[in-house]
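Given as structure tokens, the chain that follows is alone and in the form predicted alone.
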């Protein structure tokens, strides 16, 4: 497994989309060092910023303060990336397979428009996690994103499929214009949750300040949550199975979405 250690944080954002197992697998360490990266407008190499050690393989380990390093794992389809520290924007954008683990925080657009694989962030994340890029009709269409800290605005914006679960607090517009998929908000969210959602499911374990375009329909224990509960329990996320109030909406949009707000066990 190649181990890349950042010598010092770059002065301007570093675009490093070549650092992905799809590119590095099978390369010698010298070839990894020679991979192109962009420091602002300057085309440089991985070796200009990172020390590279270890052995070739389908996993990559990164160390250092990568807060200004962007596009790591872009479009990866296999293997794993293990990041020890903080990381910048667009982590795992267009991810189709494989796994990315982060011990620290991550920036905006984690898993933007991803279609498969898993991203697990132990710290906080920025906004637009699993979301559609500006001008794009659809966001995340598969895979899993797990966040143990807090998340920013527009979580899961326009997502179609997949699962996003957040243990900490979530900012405004969670599930904005959702078209499908599932959000699990273990500590609730701020304002306008599910605004303009067309389809999909948002599960909140804390009370929400709902938009008036959502209507309560029933109180029940969804059987499909058992599947999500088993999947999440493996990663340390506990999801109650009983005692939810269901709200349908957003009636100002297509109106086929649902909010499940945990109340008391039945």
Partner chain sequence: MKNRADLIIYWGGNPAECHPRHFTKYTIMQKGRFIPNGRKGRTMVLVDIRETPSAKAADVFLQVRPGKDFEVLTALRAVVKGQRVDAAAVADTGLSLDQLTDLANRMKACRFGVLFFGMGLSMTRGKHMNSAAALTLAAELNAFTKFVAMPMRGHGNVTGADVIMRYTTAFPFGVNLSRGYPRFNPGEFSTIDLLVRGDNDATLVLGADPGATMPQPAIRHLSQTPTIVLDPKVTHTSRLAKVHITTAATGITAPGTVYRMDEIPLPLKPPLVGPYPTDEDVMRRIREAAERKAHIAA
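Residue numbers count along the first chain shown, from 1. Values in this document were obtained by computation on a predicted structure and should not be read as measured data.
Beyond what is shown, the protein has a form predicted in complex with the partner chain; the following relates to that form.
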Just to confirm, residue 228 within 4.5 Å of the partner chain in the predicted bound form by heavy atoms?
no
So in the predicted bound form, is the partner chain close enough to residue 242 to count as touching (4.5 Å, heavy atoms)?
no
Does at least one non-hydrogen atom of residue 148 fall within 4.5 angstroms of the partner chain in the predicted bound form?
no
Please tell me whether any heavy atom belonging to residue 23 falls inside 4.5 Å of a heavy atom of the partner chain, as the geometry stands in the predicted bound form.
no
Full three-residue contact with the partner chain in the predicted bound form, heavy atom 4.5 Å, for 109, 190 and 251
yes
If we take heavy atoms and a 4.5 Å cut-off, which stretch out of 161 to 169, 85 to 93, 98 to 106, 140 to 148 is in contact with the partner chain in the predicted bound form?
85 to 93
Name the single residue among 54, 212, 236, 207 that comes within 4.5 Å of the partner chain in the predicted bound form, judging by heavy atoms.
212
Given that the partner chain is left out here, which of 68, 33, 63, 199 has a heavy atom within 4.5 Å of it in the predicted bound form?
68
Can you list, in sequence order, the residues from 1 to 24 that come within 4.5 Å of the partner chain in the predicted bound form, counting heavy atoms only?
11, 12, 13, 15, 17
